[in-house]
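First, one chain by itself: the form predicted alone, in structure tokens.
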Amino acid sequence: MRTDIGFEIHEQLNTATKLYCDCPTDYRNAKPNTNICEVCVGIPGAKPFPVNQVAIDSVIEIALMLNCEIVREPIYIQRKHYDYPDLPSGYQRTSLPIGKNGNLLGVGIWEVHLEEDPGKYDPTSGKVDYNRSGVPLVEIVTAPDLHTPEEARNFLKELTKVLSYTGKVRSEGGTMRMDTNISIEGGARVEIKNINSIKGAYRALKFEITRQKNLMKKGRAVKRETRAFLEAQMITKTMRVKEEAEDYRYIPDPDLPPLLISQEKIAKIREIMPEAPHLKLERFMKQYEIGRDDAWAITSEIEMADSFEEVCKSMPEIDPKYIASFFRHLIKKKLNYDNISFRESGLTSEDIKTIISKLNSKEITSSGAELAIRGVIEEKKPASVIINEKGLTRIEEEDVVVKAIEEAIKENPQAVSDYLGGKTEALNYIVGQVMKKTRGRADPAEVLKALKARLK
């Protein structure tokens, strides 16, 4: 049974001030209802400021990164009317499309809009914090070109990466919100709201597709309705049944002139905008002749991709495949373990070049390289200092390694017995003990070879 899935995705833009006033956008660290003004809280007679130009330019860049056509006709700011406690004016301002007819990974991007965030309503206490009211949003509307929860998850991951590459969205996380529409075999379209993460979207889709298919198996009709995703229970629940299309009574905001985007503005943004991650991935594979898995890992962050390219260009004597493997298997491993980004790690291209150079010349081992990366990240010191302070230079004295091997064999009789009994993987444990004794300064391959010879 064919399932069609589309999304409406909202992400906060990284601007210092709100969309229609000069209030700061820092709503998380401020006391409730302190970063507000007459415009934020919809005081009658309060007029909005001209639209935040940084927000407009940000949406144009995002639309271009998604291969959209930029609308050249007047773009009106619309009032979208609905009643909810977090919407003090009784309407939300949203632009007509700024970009349209784009695509990402074969998924159509129907429209890209500029919108304002509402306040934050707590239904338990009945209180509203308007600090968030008026924070700029980009809204991205996709075609129903996704057909499984797995496809949806992959698309959202790539979209998140594209938005991150632009640097135009907030980086602290937890600011993306999305609604999804699902229909099976061309049946009634069901909308799911209250989704705040990629994982949440995947779980909501898995549940809802199963729910609808079970109804069909029982011969019952799927209603056209809006449902809420209850993340704690991982289920969807009816919010309201839609008999007809929802009428928001859109009208152009009489207090705001339409936006006009010039060809010069588009050209200027194109000139300074970064290369999209999916295009960078394909270029890296072709230009540096590296595998897709390596390219995918490296382009996961623009800072890592830029560092990789800088290292490749400044070290032409090193095979890019070797550098790519270093980034993917040594750097990425540590970042994933610490659950931090490359930008947060503090690693610089100079650090990476130092470690790769010493690794390539066999001054340090692969274990020493791992320890050097760990030291740079954890102690915030240059790689050259970490290597010297921790004595990571490779051991040249054969007797030191032999002694460590003998000690490891003596201290781990069970592992030795297992290996001699045919469990070859037990030898890896003994190698690890030798590496511990030598503080990563011995060559693991040489240790393995020597251990096999000793236990033969």
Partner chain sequence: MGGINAVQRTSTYLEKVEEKDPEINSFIEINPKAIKEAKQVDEGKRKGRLAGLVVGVKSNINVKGLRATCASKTLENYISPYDATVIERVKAEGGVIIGMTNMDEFACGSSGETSYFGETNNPAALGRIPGGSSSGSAAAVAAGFCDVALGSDTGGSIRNPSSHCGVVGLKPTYGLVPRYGLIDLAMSLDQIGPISRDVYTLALMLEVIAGYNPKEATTLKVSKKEYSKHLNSDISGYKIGVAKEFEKVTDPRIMKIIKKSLKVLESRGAEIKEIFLPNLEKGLPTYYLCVFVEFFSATRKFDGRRYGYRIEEVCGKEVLRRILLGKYISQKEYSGKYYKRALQFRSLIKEELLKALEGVDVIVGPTVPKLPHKLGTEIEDPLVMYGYDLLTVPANLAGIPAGVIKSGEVGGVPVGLQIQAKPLDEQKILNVMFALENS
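Just so you know, these numbers come straight off a predicted model, no measurement behind them. Residue numbers count along the first chain shown, from 1.
Absent from the display: the form predicted together with the partner chain. The rest refers to it.
Q: Sort through L359, V162, L96, L87 and report the residue having a heavy atom within 4.5 Å of the partner chain in the predicted complex.
A: Contact residue from the list: L87.
Q: Just to confirm, with a 4.5 Å cut-off on non-hydrogen atoms, which of K423, K47, K403, R28 contacts the partner chain in the predicted complex?
A: Of the candidates K423, K47, K403, R28, K47 is the one lying within 4.5 Å of the partner chain in the predicted complex.
Q: Out of the stretches listed (148-156, 382-390, 259-267, 77-85), which one is close to the partner chain in the predicted complex, meaning heavy atoms within 4.5 Å?
A: Correct option: 77-85.
Q: Heavy atoms within 4.5 Å of the partner chain in the predicted complex: does G186 have any?
A: Residue-level check for G186: no, no contact with the partner chain.
Q: Decide whether D22 counts as a contact residue for the partner chain in the predicted complex under a heavy atom distance cut-off of 4.5 Å.
A: Answer yes; at least one heavy atom of D22 falls within 4.5 Å of the partner chain in the predicted complex.
Q: My question is simply whether R249 lines the interface with the partner chain in the predicted complex - judged by any non-hydrogen atom within 4.5 Å.
A: The answer is yes: R249 has a heavy atom within 4.5 Å of the partner chain.
Q: Can P316 be called a contact residue for the partner chain in the predicted complex at 4.5 Å between heavy atoms?
A: Taking the distances in the predicted complex, the answer for P316 is no, it never comes within 4.5 Å of the partner chain.
Q: Would you give me the residues of 103-130 that have any heavy atom within 4.5 Å of the partner chain in the predicted complex, in order from first to last?
A: Just Y130.
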